[in-house]
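Below you will find one chain, with nothing else, as structure tokens; this is the form predicted alone, and questions on how it binds or moves follow later.
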Amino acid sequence: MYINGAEVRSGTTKEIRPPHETAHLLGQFHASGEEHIHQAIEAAMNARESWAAMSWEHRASIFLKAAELLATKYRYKMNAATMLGQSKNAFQAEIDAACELIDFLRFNVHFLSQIYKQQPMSPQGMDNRLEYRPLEGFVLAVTPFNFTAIGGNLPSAPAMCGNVVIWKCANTQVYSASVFMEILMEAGLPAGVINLIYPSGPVVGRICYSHPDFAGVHFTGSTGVFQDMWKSIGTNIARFKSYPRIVGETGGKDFVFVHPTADADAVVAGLARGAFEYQGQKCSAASRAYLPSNLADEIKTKLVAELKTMKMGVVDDFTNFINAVIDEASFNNIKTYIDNVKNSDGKASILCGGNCDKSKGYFVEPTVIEATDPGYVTMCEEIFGPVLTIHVYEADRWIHTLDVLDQTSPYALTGAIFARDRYAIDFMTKRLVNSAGNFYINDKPTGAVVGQQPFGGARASGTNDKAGSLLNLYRWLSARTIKETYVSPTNYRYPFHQPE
């Protein structure tokens, strides 16, 4: 752990094993107890006043230096930690652990400088200004396993705004998270500003969500966990000094809708990449697809042929497109969905893949399920693995199928449409306005780039506060309006009070 700028060891260790090579002991980490959570909160609160008072330029310099260190000295170490600990291939690690995290650090500095420049009008005789303060208390950052960049951004974005942070990462992301803490400390981050601990989720929640100085949570993870967080915070609302900011990006059941005029080859490429890169373990991964009857056979034939060329195995063999899913619990969950297709009473069938093997690592073959029922469970529920479910609709009922798509899932994170007909594209874009926070036209629904496609969804997918934009940073600031009058009135009376 890293508490108050120092390495902390509890003596209670847990093993880190690569998901693709479970026989290999990669390392260990020291689990946090309740006392470490309290120590982290105390360290953060002790650091708060000095950190909040530091000039914006000096805070920004720390994170820009961290970006430079990650781009150079630490690039390969961070990529390797992500590949080994989270079973990402070299390309997926590079675009995540290096490129995206560097972008988050640099772009957030840029966005925050824009926010600070936004000032109100000052008519003659007065000066009006806005002061953007950090929140009054500490922020809890709870980060997932699947993106090292998210792991780094969720604590660093509030910290950049002057907040102090308790960072609880997923146990399956500890290795790369600890490397990022090394980078931040070398970049000059003061002690106590970000404190990285490894407790269980319920324990950290019980302590933080009842603490008077709790000021907000920055979360990426499951919808169920986020809803429990919100409930706990609401229950304790009278305890807090201020109303906590609750920012979360949660689940998705991301769609690809194929119009009858679509380019079949573009659809196949979009599905192959969108559904199966990083084993489908992306909040944005293509998970359900709607194919028109006039193109369905061609798309299915070509997609199956593409999947048969995908190699699966360890991360240090760069010819492997598919690696392992994150852990045994995930493996078992995905396998259950696949096995249940066989007992679906004709509602669904396995078109391709479906094999699962955990003898050496948690490997799930890229799997395509065809559902005759658009309400079949794998069309509705988030699986978080290399499983794509397709449904074929009658081409002349594409407008009706848009309504089916919109009503099938509670989520609204990402979605993609494929079409050549511009009128249809315009119609679908409007009809699906609430179906996805990130909407893609003739492209896969994954791969949002910081500064280009601010990321986040609504409905059951989160608060849509758009990581990688000004919108997210506003959530970690508390504005104070200051008015200064140059020549103060010396009499309470207004002109209409004077006698004629």
Ligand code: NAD
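Just so you know, these numbers come straight off a predicted model, no measurement behind them. For every residue, the number given is its place in the sequence shown, counted from 1.
This protein has a second form, the form predicted in complex with nicotinamide-adenine-dinucleotide (NAD), left out of what is shown; the following refers to that one.
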Triple contact flag 169, 201 and 221 to nicotinamide-adenine-dinucleotide (NAD) in the predicted bound form, non-hydrogen atom at 4.5 angstroms: yes
Contact residue in the predicted bound form, chosen from 156, 389, 92, 250 - any heavy atom within 4.5 Å of nicotinamide-adenine-dinucleotide (NAD): 250
Among the candidates 180, 363, 145, 255, the residue which, in the predicted bound form, approaches nicotinamide-adenine-dinucleotide (NAD) to within 4.5 Å (heavy atoms): 145
nicotinamide-adenine-dinucleotide (NAD) in the predicted bound form: contacting segment from 381 to 389, 239 to 247, 103 to 111, 119 to 127, heavy atom within 4.5 Å: 381 to 389
Residue 455: touches nicotinamide-adenine-dinucleotide (NAD) in the predicted bound form, heavy atom cutoff 4.5 angstroms: yes
Residue 207: touches nicotinamide-adenine-dinucleotide (NAD) in the predicted bound form, heavy atom cutoff 4.5 angstroms: no
Interface membership of residue 225, nicotinamide-adenine-dinucleotide (NAD) in the predicted bound form, 4.5 Å heavy atom rule: yes
4.5 Å heavy atom contact, residue 283 to nicotinamide-adenine-dinucleotide (NAD) in the predicted bound form: yes
Heavy atom contacts to nicotinamide-adenine-dinucleotide (NAD) in the predicted bound form at 4.5 Å, residues of 390 to 421 in sequence order: 413
